[in-house]
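Below sits a lone chain in structure tokens, taken as the form predicted alone.
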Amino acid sequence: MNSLDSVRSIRRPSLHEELTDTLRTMIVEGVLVAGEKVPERKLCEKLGVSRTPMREALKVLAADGLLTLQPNRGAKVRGITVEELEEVFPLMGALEALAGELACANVSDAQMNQIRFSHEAMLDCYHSSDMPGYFRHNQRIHELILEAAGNQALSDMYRTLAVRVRRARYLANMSKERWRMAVAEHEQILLALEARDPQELGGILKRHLENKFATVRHWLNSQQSRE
């Protein structure tokens, strides 16, 4: 006789999760501008939600370090500083390196195929100068490597910091030369993972993030010098 005890319910994203993800993306992509107040009423009208879920989502994003909640004045988008990123990027580099090392031992053939597919899609975006698409597939590759690592504690720590890195990386303008180098680094990442070489992959991922930070720091310093 069949038992339903082991059957899991189908999980659908809640309004809270969907709204939080939407607002997070708007901050990362600069739709909600650093230093400006979040227009709660307009966003509620635009997204078709009430003030209660909107405020709950803003609390989550404040906990993520993306917003500052001001008593009786709403929420304000936090700026990005070199000092903050000098603390975050080395941590992310260490987590990315560890994820790569674990992925070399645990990645399945199906996961490897997903990574190859995302890599090819990323290259297509690069060759067509589609930077938003490039960033989307680039991010997906790093997420797939994290999934292949198979370590939930690592995933939780990574995702707590990743949104800050994503935001800085998205806003910073890459030169054509740096973009070319980033693509070359991703080629090396793929080869090292295919070879299941943990030390090589860990080292490449760490250097890859260090180079990203150099790009972001240069952009931030140039922005501050104009102010």
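None of the values given here were measured: they were computed from a predicted structure. Heads up: residue numbers just count along the shown sequence, starting at 1. For clarity, a rigid core is taken as the largest C-alpha set superposing within 1.5 Å between two forms.
Here the subject shifts to the form predicted together with the DNA, a form of this protein not shown in this document.
A.B. asks: Spot the stretch among 161-169, 26-34, 192-200, 47-55 with residues whose non-hydrogen atoms come within 4.5 Å of the DNA in the model of the complex.
C.D. replies: That would be 47-55.
A.B. asks: Answer for residue 22 alone: is it within 4.5 Å of the DNA in the model of the complex, judged on heavy atom distances?
C.D. replies: Close contact is absent here: in the model of the complex, residue 22 is far from the DNA, nothing within 4.5 Å, heavy atoms only.
A.B. asks: According to a 4.5 angstroms non-hydrogen atom cut-off, is residue 136 in contact with the DNA in the model of the complex?
C.D. replies: It does not: once the DNA is placed as it appears in the model of the complex, residue 136 has no heavy atom within 4.5 Å of it.
A.B. asks: Using the partner position in the model of the complex, report whether residue 180 sits within 4.5 Å of the DNA, counting heavy atoms only.
C.D. replies: Close contact is absent here: in the model of the complex, residue 180 is far from the DNA, nothing within 4.5 Å, heavy atoms only.
A.B. asks: Contact between residue 93 and the DNA in the model of the complex at 4.5 Å, heavy atoms?
C.D. replies: Although the DNA is absent here, residue 93 would stay clear of it in the model of the complex, with no heavy atoms inside 4.5 Å.
A.B. asks: In the model of the complex, does every one of 106, 150 and 187 come within 4.5 Å of the DNA, counting any heavy atom?
C.D. replies: None of them does, since no heavy atom lies within 4.5 Å of the partner.
A.B. asks: Need the contact residues for 64-79: heavy atom within 4.5 Å of the DNA in the model of the complex, sequence order, or none if there are none.
C.D. replies: Read in sequence order, the residues that approach the DNA (within 4.5 Å, in the model of the complex) are 70, 71, 72, 73, 74.
A.B. asks: Look at residue 75 and decide if its Cα position differs by 2 Å or more between this form and the one not shown after superposing on the rigid core.
C.D. replies: It does, since the residue 75 C-alpha is displaced 2 Å or more between this form and the one not shown after the core fit.
A.B. asks: Quick one: core overlaid, is residue 216 moving 2 Å or more at the Cα between this form and the one not shown?
C.D. replies: No, shifts by less than 2 Å.
A.B. asks: Is residue 19 one of the residues whose Cα moves 2 Å or more between this form and the one not shown, with the core superposed?
C.D. replies: Superposed on the core, residue 19 moves its C-alpha 2 Å or more between this form and the one not shown.
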